[in-house]
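The chain below stands alone and is given in structure tokens; this is the form predicted alone.
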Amino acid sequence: MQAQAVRTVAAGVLLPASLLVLWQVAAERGWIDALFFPRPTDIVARTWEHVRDGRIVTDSEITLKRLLLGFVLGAAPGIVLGLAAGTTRFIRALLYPLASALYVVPRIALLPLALVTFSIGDPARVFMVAFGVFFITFFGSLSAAEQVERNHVDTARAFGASYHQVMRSVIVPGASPSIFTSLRVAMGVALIVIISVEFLASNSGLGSFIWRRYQIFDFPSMYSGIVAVTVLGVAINALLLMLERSLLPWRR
């Protein structure tokens, strides 16, 4: 079992490691423009410099705070309303048309409206993340609730279970695996949204860090910001997987 786990990890590392080696060789031999695509070793050195001076750590903390706050504010009502819409026809009929219309609106198109409403500050950035997360978790939870075995629901009702008991004992456990999947997807979208918003409307955070370095052609530092975003996303996704395995042990 341990040998199989080692092989799995090795297989996952093989492709990105090979691409990095190819990138290093291509930059050193002039196959690609090292100004725009600096050597990975230079990017690592520059990233370490920014870690030591604390700037990239500070910007990562700012982005993480905005990201997590917006994620919670969007995911919590999205899950609750999605489960309600998936189990109650009236709530579905009430919410589904508006949610479907708003879901297709590009997130970044709402940034001017958010800035007008909340002014230039963290509330606008948090709102943008929450808006993007809400619809993914809403539709994911709605679909998950609809896919729960009807026989289980009918059996619970036959034994006299109330709506809340059916929801707590049947719908939520049955829908949880799909809900966690939607949460991981929503977290990826949330990270894209917050970085995009920080590009355009922030003087702090990793998005702002990347954009300012691009504007002054400091490409090694720009890639350092991208590395920080990648590490942040991978770490949060790993935490979500750990949480899922902890709360849903039958999914291991």
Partner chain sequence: MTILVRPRARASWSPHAVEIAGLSVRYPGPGSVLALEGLDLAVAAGSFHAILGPSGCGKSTLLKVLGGLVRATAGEWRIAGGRRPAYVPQGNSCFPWLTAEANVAYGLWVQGRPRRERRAVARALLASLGLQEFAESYPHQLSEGMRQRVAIARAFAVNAPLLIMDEPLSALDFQTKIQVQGELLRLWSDRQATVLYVTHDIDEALTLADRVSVLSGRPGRLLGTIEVPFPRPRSYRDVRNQPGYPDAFRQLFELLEERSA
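Predicted model only: the values in this text are computed from it and were never measured. Numbering follows the first chain given and starts at 1.
Note that the form predicted together with its partner chain isn't included here; everything after this is about it.
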* **Region of this chain that lies against its partner chain in the predicted bound form, out of 69 to 77, 163 to 171, 112 to 120, 135 to 143 [heavy atom, 4.5 Å]** => 163 to 171
* Structure fact -> in the predicted bound form, the residue from 147, 155, 181, 100 with a non-hydrogen atom within 4.5 Å of its partner chain is 155
* Candidate site 106, 203 and 214: all three near its partner chain in the predicted bound form by heavy atom within 4.5 Å -> no
